[in-house]
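Read the single chain below, which is given as C-alpha coordinates and is the form predicted alone.
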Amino acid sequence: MNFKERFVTAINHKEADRVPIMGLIVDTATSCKVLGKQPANILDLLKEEGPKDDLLAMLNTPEVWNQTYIDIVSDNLEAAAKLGYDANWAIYTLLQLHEDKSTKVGFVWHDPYGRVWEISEDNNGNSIINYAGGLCGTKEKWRAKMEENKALFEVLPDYAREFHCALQQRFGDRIYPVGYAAPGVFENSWQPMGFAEFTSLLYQDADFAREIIAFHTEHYLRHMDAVLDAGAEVVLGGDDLGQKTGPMLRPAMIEEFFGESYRKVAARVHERGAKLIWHSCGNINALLELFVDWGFDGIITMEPTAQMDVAQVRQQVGHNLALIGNLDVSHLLVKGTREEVEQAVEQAIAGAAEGGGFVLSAAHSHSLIDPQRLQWMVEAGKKYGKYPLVR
(Lines give C-alpha, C1' and ligand atoms only; values in the text may rest on other atoms or scores of the structure.)
Protein backbone atom coordinates (compact mmCIF):
# COMPACT_ATOMS: atom_id res chain seq x y z
CA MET A 1 0.00 0.00 0.00
CA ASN A 2 1.47 3.39 -0.94
CA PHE A 3 1.36 6.63 1.06
CA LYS A 4 -1.74 8.04 -0.62
CA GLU A 5 -3.74 4.81 -0.41
CA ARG A 6 -2.77 4.50 3.25
CA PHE A 7 -3.86 8.07 4.04
CA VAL A 8 -7.16 7.95 2.14
CA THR A 9 -8.00 4.52 3.58
CA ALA A 10 -7.61 5.87 7.11
CA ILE A 11 -9.76 8.92 6.41
CA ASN A 12 -12.46 6.51 5.19
CA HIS A 13 -12.34 4.70 8.58
CA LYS A 14 -10.76 1.53 7.27
CA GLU A 15 -7.63 -0.17 8.46
CA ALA A 16 -4.70 0.16 6.08
CA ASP A 17 -1.44 -1.76 6.40
CA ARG A 18 -0.50 0.67 9.17
CA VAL A 19 -1.55 3.98 10.69
CA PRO A 20 -0.56 6.79 8.30
CA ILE A 21 1.74 9.54 9.54
CA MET A 22 1.19 13.16 8.53
CA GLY A 23 3.54 16.09 8.80
CA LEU A 24 2.50 19.63 9.67
CA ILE A 25 5.83 21.11 8.61
CA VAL A 26 5.32 24.71 7.59
CA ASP A 27 8.31 26.49 9.15
CA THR A 28 11.44 26.98 7.08
CA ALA A 29 13.47 26.48 10.27
CA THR A 30 12.27 22.87 10.49
CA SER A 31 12.67 22.04 6.81
CA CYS A 32 16.14 23.60 6.67
CA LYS A 33 17.29 21.53 9.65
CA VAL A 34 16.03 18.34 8.01
CA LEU A 35 17.55 19.18 4.62
CA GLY A 36 20.79 20.62 5.98
CA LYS A 37 20.16 24.04 4.50
CA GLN A 38 20.98 27.45 5.90
CA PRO A 39 17.70 29.38 6.34
CA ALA A 40 17.51 32.78 4.69
CA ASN A 41 16.72 35.42 7.30
CA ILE A 42 14.65 38.19 5.77
CA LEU A 43 15.48 40.47 8.71
CA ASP A 44 19.16 40.51 7.73
CA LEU A 45 18.27 41.64 4.21
CA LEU A 46 15.87 44.29 5.48
CA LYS A 47 18.65 45.92 7.50
CA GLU A 48 20.64 46.72 4.35
CA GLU A 49 19.47 49.76 2.40
CA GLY A 50 20.16 48.49 -1.12
CA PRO A 51 18.90 44.90 -0.79
CA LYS A 52 15.95 46.17 1.25
CA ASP A 53 14.56 48.17 -1.66
CA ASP A 54 15.11 45.32 -4.09
CA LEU A 55 13.51 42.85 -1.70
CA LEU A 56 10.43 45.02 -1.26
CA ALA A 57 10.03 45.42 -5.01
CA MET A 58 10.42 41.70 -5.68
CA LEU A 59 8.36 40.19 -2.88
CA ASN A 60 5.50 42.64 -3.39
CA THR A 61 5.14 41.40 -6.97
CA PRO A 62 2.65 38.50 -6.86
CA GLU A 63 4.44 36.48 -9.55
CA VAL A 64 7.75 36.63 -7.65
CA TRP A 65 6.04 35.93 -4.32
CA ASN A 66 4.16 32.94 -5.73
CA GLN A 67 7.25 31.28 -7.20
CA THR A 68 9.29 31.96 -4.06
CA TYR A 69 6.51 30.59 -1.89
CA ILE A 70 6.14 27.42 -3.98
CA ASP A 71 9.87 26.82 -3.49
CA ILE A 72 9.57 27.34 0.27
CA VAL A 73 6.68 24.91 0.62
CA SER A 74 8.49 22.48 -1.67
CA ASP A 75 11.25 22.39 0.94
CA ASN A 76 8.61 21.63 3.58
CA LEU A 77 7.35 18.69 1.50
CA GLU A 78 10.89 17.54 0.72
CA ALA A 79 11.68 17.51 4.44
CA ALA A 80 8.45 15.65 5.22
CA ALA A 81 9.23 13.03 2.59
CA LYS A 82 12.77 12.63 3.94
CA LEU A 83 11.40 12.05 7.45
CA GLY A 84 9.14 9.29 6.11
CA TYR A 85 5.73 10.97 6.33
CA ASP A 86 2.85 9.77 4.18
CA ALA A 87 1.41 13.29 3.86
CA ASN A 88 2.09 16.91 4.76
CA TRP A 89 -0.23 19.91 4.68
CA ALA A 90 0.30 22.65 2.11
CA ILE A 91 -1.13 26.13 2.67
CA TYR A 92 -1.23 28.95 0.11
CA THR A 93 -0.94 32.51 1.36
CA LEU A 94 -0.14 35.89 -0.16
CA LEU A 95 1.68 38.52 1.90
CA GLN A 96 3.18 41.91 1.13
CA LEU A 97 5.88 43.78 3.03
CA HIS A 98 5.11 47.25 4.41
CA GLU A 99 7.32 49.62 6.34
CA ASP A 100 6.13 50.22 9.90
CA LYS A 101 8.38 52.31 12.11
CA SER A 102 6.39 51.39 15.22
CA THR A 103 7.78 47.84 15.13
CA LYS A 104 11.19 46.67 16.27
CA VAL A 105 12.34 45.68 12.78
CA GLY A 106 10.55 48.50 10.94
CA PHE A 107 8.52 46.19 8.68
CA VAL A 108 5.36 44.11 8.82
CA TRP A 109 3.49 41.81 6.48
CA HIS A 110 -0.04 42.64 5.30
CA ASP A 111 -2.41 40.09 3.78
CA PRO A 112 -5.29 40.83 1.36
CA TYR A 113 -7.93 40.39 4.07
CA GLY A 114 -6.61 43.28 6.18
CA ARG A 115 -4.39 41.55 8.74
CA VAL A 116 -1.04 42.79 10.01
CA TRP A 117 1.64 40.18 10.68
CA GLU A 118 4.59 41.12 12.89
CA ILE A 119 8.08 39.90 11.97
CA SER A 120 10.43 38.71 14.71
CA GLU A 121 13.11 36.12 15.44
CA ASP A 122 13.12 32.99 17.56
CA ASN A 123 15.95 32.11 19.95
CA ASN A 124 17.93 30.57 17.10
CA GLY A 125 17.74 33.57 14.80
CA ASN A 126 15.00 32.17 12.55
CA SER A 127 12.56 34.69 11.10
CA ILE A 128 8.97 34.10 12.29
CA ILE A 129 5.68 35.95 11.88
CA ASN A 130 2.67 36.29 14.16
CA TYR A 131 -0.75 37.88 13.78
CA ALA A 132 -0.54 41.36 15.32
CA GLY A 133 -3.88 43.01 14.55
CA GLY A 134 -6.14 44.30 11.81
CA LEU A 135 -6.50 47.28 9.52
CA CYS A 136 -10.32 47.24 9.36
CA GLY A 137 -11.57 48.26 12.79
CA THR A 138 -14.68 50.06 11.54
CA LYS A 139 -17.42 49.39 9.00
CA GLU A 140 -16.01 52.12 6.74
CA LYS A 141 -12.46 50.77 6.90
CA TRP A 142 -13.58 47.20 6.23
CA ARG A 143 -15.63 48.15 3.18
CA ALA A 144 -12.83 50.37 1.89
CA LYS A 145 -10.25 47.56 2.25
CA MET A 146 -12.47 45.03 0.48
CA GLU A 147 -13.03 47.49 -2.36
CA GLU A 148 -9.32 48.32 -2.54
CA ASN A 149 -8.47 44.62 -2.90
CA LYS A 150 -11.41 43.72 -5.14
CA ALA A 151 -9.21 42.84 -8.12
CA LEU A 152 -6.88 40.84 -5.89
CA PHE A 153 -9.74 38.76 -4.50
CA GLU A 154 -10.63 37.83 -8.08
CA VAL A 155 -7.20 36.33 -8.78
CA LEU A 156 -6.36 34.82 -5.37
CA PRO A 157 -8.14 31.52 -6.16
CA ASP A 158 -6.13 31.31 -9.39
CA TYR A 159 -2.90 31.77 -7.45
CA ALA A 160 -3.99 29.07 -4.99
CA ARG A 161 -4.89 26.69 -7.82
CA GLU A 162 -1.49 27.13 -9.47
CA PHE A 163 0.22 26.60 -6.12
CA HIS A 164 -1.55 23.35 -5.29
CA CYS A 165 -1.28 21.98 -8.83
CA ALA A 166 2.46 22.73 -8.88
CA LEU A 167 3.01 20.88 -5.60
CA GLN A 168 0.97 17.92 -6.77
CA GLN A 169 3.08 17.77 -9.93
CA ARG A 170 6.35 17.98 -8.00
CA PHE A 171 5.54 15.60 -5.15
CA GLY A 172 2.50 13.52 -6.09
CA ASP A 173 4.59 10.40 -6.60
CA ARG A 174 6.51 10.75 -3.29
CA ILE A 175 4.21 12.19 -0.61
CA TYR A 176 0.59 13.33 -0.42
CA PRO A 177 0.39 17.16 -0.33
CA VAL A 178 -2.86 17.74 1.56
CA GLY A 179 -4.19 21.06 0.30
CA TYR A 180 -5.37 23.43 3.00
CA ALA A 181 -7.75 26.31 2.21
CA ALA A 182 -6.88 28.95 4.79
CA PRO A 183 -7.63 31.24 6.52
CA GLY A 184 -11.23 30.25 7.21
CA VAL A 185 -14.46 32.24 7.39
CA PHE A 186 -14.32 32.84 11.15
CA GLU A 187 -10.70 34.04 11.18
CA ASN A 188 -11.19 36.13 8.04
CA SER A 189 -14.23 37.76 9.64
CA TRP A 190 -12.76 38.80 13.00
CA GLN A 191 -9.00 39.13 12.60
CA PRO A 192 -8.95 42.05 10.13
CA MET A 193 -11.17 44.00 12.56
CA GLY A 194 -10.00 42.74 15.93
CA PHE A 195 -11.82 40.28 18.19
CA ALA A 196 -13.49 42.85 20.43
CA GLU A 197 -14.59 44.96 17.46
CA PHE A 198 -16.03 42.04 15.50
CA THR A 199 -17.78 40.30 18.38
CA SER A 200 -19.45 43.57 19.38
CA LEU A 201 -21.01 43.59 15.91
CA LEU A 202 -22.69 40.25 16.63
CA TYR A 203 -24.73 42.05 19.30
CA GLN A 204 -24.89 45.64 18.03
CA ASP A 205 -24.91 45.35 14.22
CA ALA A 206 -25.69 41.76 13.29
CA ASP A 207 -26.61 42.72 9.72
CA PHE A 208 -23.12 44.08 9.08
CA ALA A 209 -21.55 41.05 10.74
CA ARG A 210 -23.53 38.84 8.37
CA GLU A 211 -22.37 40.97 5.43
CA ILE A 212 -18.76 40.27 6.41
CA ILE A 213 -19.43 36.56 6.91
CA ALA A 214 -21.27 36.25 3.56
CA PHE A 215 -18.40 37.97 1.75
CA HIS A 216 -15.80 35.63 3.20
CA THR A 217 -17.99 32.55 2.73
CA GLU A 218 -18.25 33.21 -0.99
CA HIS A 219 -14.53 33.86 -1.30
CA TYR A 220 -13.70 30.77 0.78
CA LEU A 221 -15.81 28.54 -1.45
CA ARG A 222 -13.80 29.76 -4.46
CA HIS A 223 -10.57 29.12 -2.56
CA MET A 224 -11.71 25.60 -1.68
CA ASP A 225 -12.59 24.94 -5.32
CA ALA A 226 -9.05 25.96 -6.23
CA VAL A 227 -7.60 23.43 -3.79
CA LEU A 228 -9.91 20.72 -5.11
CA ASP A 229 -8.88 21.48 -8.70
CA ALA A 230 -5.49 19.92 -7.91
CA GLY A 231 -7.26 16.55 -7.78
CA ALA A 232 -7.41 16.14 -4.02
CA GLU A 233 -9.40 13.32 -2.45
CA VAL A 234 -8.91 14.81 1.01
CA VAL A 235 -8.67 18.55 1.72
CA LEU A 236 -8.18 20.64 4.81
CA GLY A 237 -10.18 23.63 5.92
CA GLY A 238 -9.77 25.49 9.14
CA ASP A 239 -10.56 28.15 11.67
CA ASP A 240 -9.15 28.47 15.15
CA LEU A 241 -12.43 28.28 17.03
CA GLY A 242 -10.95 27.45 20.41
CA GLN A 243 -8.65 28.84 23.05
CA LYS A 244 -6.95 26.84 25.80
CA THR A 245 -10.05 26.55 27.97
CA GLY A 246 -12.87 26.28 25.45
CA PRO A 247 -14.50 27.81 22.36
CA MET A 248 -13.82 31.47 21.54
CA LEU A 249 -17.58 32.07 21.28
CA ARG A 250 -20.54 30.23 22.74
CA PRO A 251 -21.26 27.18 20.54
CA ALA A 252 -24.82 28.42 19.96
CA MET A 253 -23.48 31.74 18.66
CA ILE A 254 -20.98 30.02 16.38
CA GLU A 255 -23.84 27.93 15.01
CA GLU A 256 -26.10 30.98 14.59
CA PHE A 257 -23.60 33.07 12.63
CA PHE A 258 -21.24 30.56 11.01
CA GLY A 259 -23.08 27.23 10.88
CA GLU A 260 -24.56 27.71 7.42
CA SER A 261 -21.20 28.84 6.04
CA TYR A 262 -19.57 25.66 7.27
CA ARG A 263 -22.38 23.53 5.87
CA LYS A 264 -21.88 25.17 2.47
CA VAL A 265 -18.14 24.46 2.58
CA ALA A 266 -18.66 20.81 3.52
CA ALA A 267 -21.34 20.40 0.85
CA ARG A 268 -19.05 21.89 -1.81
CA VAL A 269 -16.24 19.49 -0.91
CA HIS A 270 -18.59 16.50 -0.94
CA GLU A 271 -20.10 17.57 -4.28
CA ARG A 272 -16.58 17.37 -5.67
CA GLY A 273 -16.16 13.83 -4.32
CA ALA A 274 -13.65 14.67 -1.59
CA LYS A 275 -13.44 14.52 2.21
CA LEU A 276 -13.10 17.61 4.44
CA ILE A 277 -10.82 17.61 7.49
CA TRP A 278 -11.16 20.67 9.71
CA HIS A 279 -8.30 22.28 11.61
CA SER A 280 -8.88 24.16 14.84
CA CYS A 281 -6.49 24.92 17.64
CA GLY A 282 -7.62 25.12 21.25
CA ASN A 283 -10.15 23.25 23.34
CA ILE A 284 -12.95 22.37 20.91
CA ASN A 285 -14.54 19.48 22.82
CA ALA A 286 -17.81 21.44 23.05
CA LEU A 287 -17.90 21.87 19.25
CA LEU A 288 -17.37 18.28 18.13
CA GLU A 289 -21.06 17.48 17.68
CA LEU A 290 -21.43 20.66 15.62
CA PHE A 291 -18.54 19.58 13.40
CA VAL A 292 -20.42 16.36 12.68
CA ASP A 293 -23.66 18.26 12.05
CA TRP A 294 -21.94 20.71 9.69
CA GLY A 295 -20.69 17.78 7.62
CA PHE A 296 -17.00 17.76 8.45
CA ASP A 297 -15.34 14.39 7.89
CA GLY A 298 -12.56 14.81 10.43
CA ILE A 299 -10.49 17.12 12.62
CA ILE A 300 -6.79 17.81 12.79
CA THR A 301 -4.35 18.75 15.57
CA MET A 302 -6.24 18.31 18.88
CA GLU A 303 -3.87 20.19 21.19
CA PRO A 304 -3.10 18.10 24.28
CA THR A 305 -2.21 21.29 26.21
CA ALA A 306 -5.79 22.45 25.59
CA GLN A 307 -7.33 19.36 27.19
CA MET A 308 -7.81 17.60 23.88
CA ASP A 309 -7.29 13.90 24.58
CA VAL A 310 -7.46 11.84 21.40
CA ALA A 311 -8.85 8.75 23.13
CA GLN A 312 -11.62 10.79 24.77
CA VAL A 313 -12.41 12.47 21.44
CA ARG A 314 -12.74 9.05 19.82
CA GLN A 315 -15.11 7.97 22.58
CA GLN A 316 -17.14 11.15 22.14
CA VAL A 317 -17.52 11.11 18.34
CA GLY A 318 -16.95 7.44 17.54
CA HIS A 319 -16.22 7.09 13.83
CA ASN A 320 -18.23 10.13 12.81
CA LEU A 321 -14.94 12.02 12.50
CA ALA A 322 -11.50 10.94 11.36
CA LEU A 323 -8.86 12.16 13.81
CA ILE A 324 -5.43 13.56 12.93
CA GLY A 325 -3.00 14.43 15.71
CA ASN A 326 -2.13 14.93 18.53
CA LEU A 327 1.47 14.81 19.79
CA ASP A 328 2.44 17.73 22.01
CA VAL A 329 4.60 20.49 20.52
CA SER A 330 5.18 22.46 23.73
CA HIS A 331 7.58 19.91 25.27
CA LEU A 332 7.38 16.44 23.76
CA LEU A 333 8.56 17.26 20.22
CA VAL A 334 10.89 20.01 21.44
CA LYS A 335 12.73 18.47 24.40
CA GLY A 336 11.08 15.12 25.12
CA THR A 337 13.09 11.92 25.48
CA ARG A 338 12.83 9.14 22.95
CA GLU A 339 10.97 7.05 25.51
CA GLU A 340 8.45 9.86 26.06
CA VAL A 341 7.86 10.23 22.32
CA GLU A 342 7.40 6.48 21.86
CA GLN A 343 5.00 6.30 24.79
CA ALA A 344 2.90 9.19 23.45
CA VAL A 345 2.73 7.60 19.99
CA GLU A 346 1.74 4.23 21.43
CA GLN A 347 -0.98 5.83 23.58
CA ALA A 348 -2.41 7.87 20.68
CA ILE A 349 -2.61 4.82 18.42
CA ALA A 350 -4.13 2.67 21.16
CA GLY A 351 -6.70 5.34 21.94
CA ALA A 352 -7.88 6.24 18.44
CA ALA A 353 -6.66 3.94 15.66
CA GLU A 354 -8.83 0.85 16.10
CA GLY A 355 -10.95 0.40 12.96
CA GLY A 356 -9.08 3.09 11.03
CA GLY A 357 -9.97 6.75 11.06
CA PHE A 358 -6.74 7.89 12.71
CA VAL A 359 -3.64 9.61 11.31
CA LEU A 360 -0.67 10.23 13.58
CA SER A 361 0.80 13.73 13.55
CA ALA A 362 2.19 16.52 15.67
CA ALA A 363 -0.38 18.85 17.21
CA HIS A 364 0.98 21.79 15.20
CA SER A 365 4.12 23.36 13.78
CA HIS A 366 6.63 25.95 14.99
CA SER A 367 10.30 26.74 14.53
CA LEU A 368 11.54 25.13 17.77
CA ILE A 369 10.27 21.63 17.02
CA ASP A 370 13.21 19.24 16.87
CA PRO A 371 13.49 17.14 13.66
CA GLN A 372 15.14 14.30 15.63
CA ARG A 373 12.01 13.99 17.72
CA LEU A 374 9.88 14.07 14.59
CA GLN A 375 11.97 11.17 13.32
CA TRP A 376 11.35 9.31 16.57
CA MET A 377 7.62 9.93 16.11
CA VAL A 378 7.72 8.47 12.61
CA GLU A 379 9.71 5.42 13.71
CA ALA A 380 7.38 4.79 16.64
CA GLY A 381 4.35 5.22 14.40
CA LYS A 382 5.62 2.54 12.06
CA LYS A 383 6.46 0.30 15.01
CA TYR A 384 3.16 0.53 16.91
CA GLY A 385 0.78 1.37 14.06
CA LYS A 386 0.80 -1.90 12.11
CA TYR A 387 -2.64 -3.43 11.55
CA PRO A 388 -4.02 -5.49 13.14
CA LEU A 389 -3.09 -3.50 16.23
CA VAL A 390 -1.59 -5.36 19.16
CA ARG A 391 -3.62 -4.54 22.28
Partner chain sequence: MSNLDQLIEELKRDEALGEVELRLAGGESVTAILDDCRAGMARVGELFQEGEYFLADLILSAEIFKSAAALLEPHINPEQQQKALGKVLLATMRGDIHDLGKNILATLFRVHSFEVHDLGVNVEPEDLVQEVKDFQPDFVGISALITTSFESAKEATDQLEKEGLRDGIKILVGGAVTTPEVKTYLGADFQTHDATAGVAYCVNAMGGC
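Everything numeric here is computed off the predicted structure, so don't read it as measured data. Definition used throughout: the rigid core is the maximal C-alpha set that superposes within 1.5 Å between two forms. Positions refer to the first chain, counted from 1.
The same protein has a further form, the form predicted in complex with its partner chain, not shown here; the description that follows concerns it.
K.L.:
Counting non-hydrogen atoms within 4.5 angstroms of its partner chain in the predicted complex, say which of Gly295, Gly84, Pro251, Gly137 makes the cut.
P.N.:
So the residue touching its partner chain in the predicted complex, by this definition, is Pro251.
K.L.:
Within 4.5 Å of its partner chain in the predicted complex, heavy atoms considered, which of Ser330, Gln347, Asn66, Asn60?
P.N.:
The residue in contact is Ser330.
K.L.:
Check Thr199, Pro247 and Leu368: does every one of them have a heavy atom within 4.5 Å of its partner chain in the predicted complex?
P.N.:
The answer is yes; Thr199, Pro247 and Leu368 each reach its partner chain.
K.L.:
Might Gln169 be said to contact its partner chain in the predicted complex, defining contact as any heavy atom within 4.5 Å?
P.N.:
Outside the cut-off, so no.
K.L.:
Is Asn130 close enough to its partner chain in the predicted complex to count, meaning some heavy atom within 4.5 Å?
P.N.:
Although its partner chain is absent here, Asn130 would touch it in the predicted complex, with heavy atoms inside 4.5 Å.
K.L.:
In the predicted complex, does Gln204 have a heavy atom within 4.5 Å of its partner chain?
P.N.:
The answer is yes: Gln204 has a heavy atom within 4.5 Å of its partner chain.
K.L.:
Does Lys104 make contact with its partner chain in the predicted complex, using a 4.5 Å heavy atom cut-off?
P.N.:
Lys104: yes, in contact with its partner chain in the predicted complex.
K.L.:
Sort through 216-224, 191-199, 68-76, 141-149 and report the only stretch with a non-hydrogen atom within 4.5 Å of its partner chain in the predicted complex.
P.N.:
Result for this chain: 191-199.
K.L.:
Look at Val105 and decide if its Cα position differs by 2 Å or more between this form and the one not shown after superposing on the rigid core.
P.N.:
True for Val105: a C-alpha shift of 2 Å or more.
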